[in-house]
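A single chain comes next, written as structure tokens; it is the form predicted on its own.
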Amino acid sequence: MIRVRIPATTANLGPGFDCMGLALDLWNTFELHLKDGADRFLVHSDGEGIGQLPPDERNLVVQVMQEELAHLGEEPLRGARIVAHNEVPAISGLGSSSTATLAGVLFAHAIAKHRHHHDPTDLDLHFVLDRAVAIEGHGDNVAPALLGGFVVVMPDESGVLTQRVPHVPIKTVVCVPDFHFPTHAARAALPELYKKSDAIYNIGRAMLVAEALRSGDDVMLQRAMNDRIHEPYRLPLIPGGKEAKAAALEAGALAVALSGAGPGIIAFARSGYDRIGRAMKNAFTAAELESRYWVLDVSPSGTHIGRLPV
């Protein structure tokens, strides 16, 4: 019926906690195949997470799709086949679960369109984004995944405020250690209250990071991409995390931050990408963790939606 291709994302970008994200050129693809009379869900996954992701109705894509159908006032599906090709590593800080959430929302809206004899690929992306942000609780992954590029996003009482900000192209190096650090654990590490000075520190630097990416001001990016809201509480929980961040800077990175909630570390650079990646990898090795790194462009395009061949 429908295929969606959704990019990885990196969220927060240092000080922009829960409100800034970038789409990256690494993709998960999901296909929804409907068949009359299907009475169970079969989810076939290959690539990243193979053998680990639920192959049935427990899969996050199916759960979100069924819940969203109910939200739309539609009858749930009794069964379907979903095929997922995953390039985005799971529990990495690169928005893998957000691609699944977004796929589930998109599939539900496509099914509703199909049932009412409309083009299932002609979707209201503003409505889709509102719903995906409501499900995730924050939009710093799903917004750039849907829209592409650099996005500032904030939910409010009337929906979602979002702005796609033009930016000068820049490459990133993302190093992901083999360390189980799920988002709920990363959020549990954060305090309930912050000092006013820390809030001011982050607000100002988030604005400067946005301007640095927009204008290509590398000096500003170097000085601004620091955080007092989440990284001081999360980095110490990731073996080798602090050392990997320092190693990337020493190897020539312009700026370095946790990718999302971690455990991945993202470095922004103009050259020496493999040197930076190896430096982070060596830091994790010294902490007795295996790791991998990717050299990734920022993706100017977000989710691709298309029909499957009949």
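The first residue of the shown sequence is 1; numbering continues from there. Owing to the predicted nature of the structure, the values given are computational and were not obtained by experimental measurement.
The following text describes the form predicted together with L-homoserine (HSE), which does not appear among the structures shown.
- This chain is displayed without L-homoserine (HSE), yet in the predicted complex the stretch 258-266 from 56-64, 239-247, 40-48, 258-266 comes within 4.5 Å of it by heavy atoms.
- Thr183 belongs to the set of residues with a heavy atom inside 4.5 Å of L-homoserine (HSE) in the predicted complex.
- Though the partner is left out of this view, Arg234 does reach within 4.5 Å of L-homoserine (HSE) in the predicted complex, counting heavy atoms only.
- Contact annotation: Trp294 falls outside 4.5 Å of L-homoserine (HSE) in the predicted complex, judged by heavy atom distances.
- At the 4.5 Å threshold, heavy atoms of Ala11 reach L-homoserine (HSE) in the predicted complex.
- Note on the partner interface in the predicted complex: the residue among His71, Lys171, Arg187, Arg81 having a heavy atom within 4.5 angstroms of L-homoserine (HSE) is Arg187.
- Within 4.5 angstroms of L-homoserine (HSE) in the predicted complex, the stretch 269-294 places no non-hydrogen atom at all.
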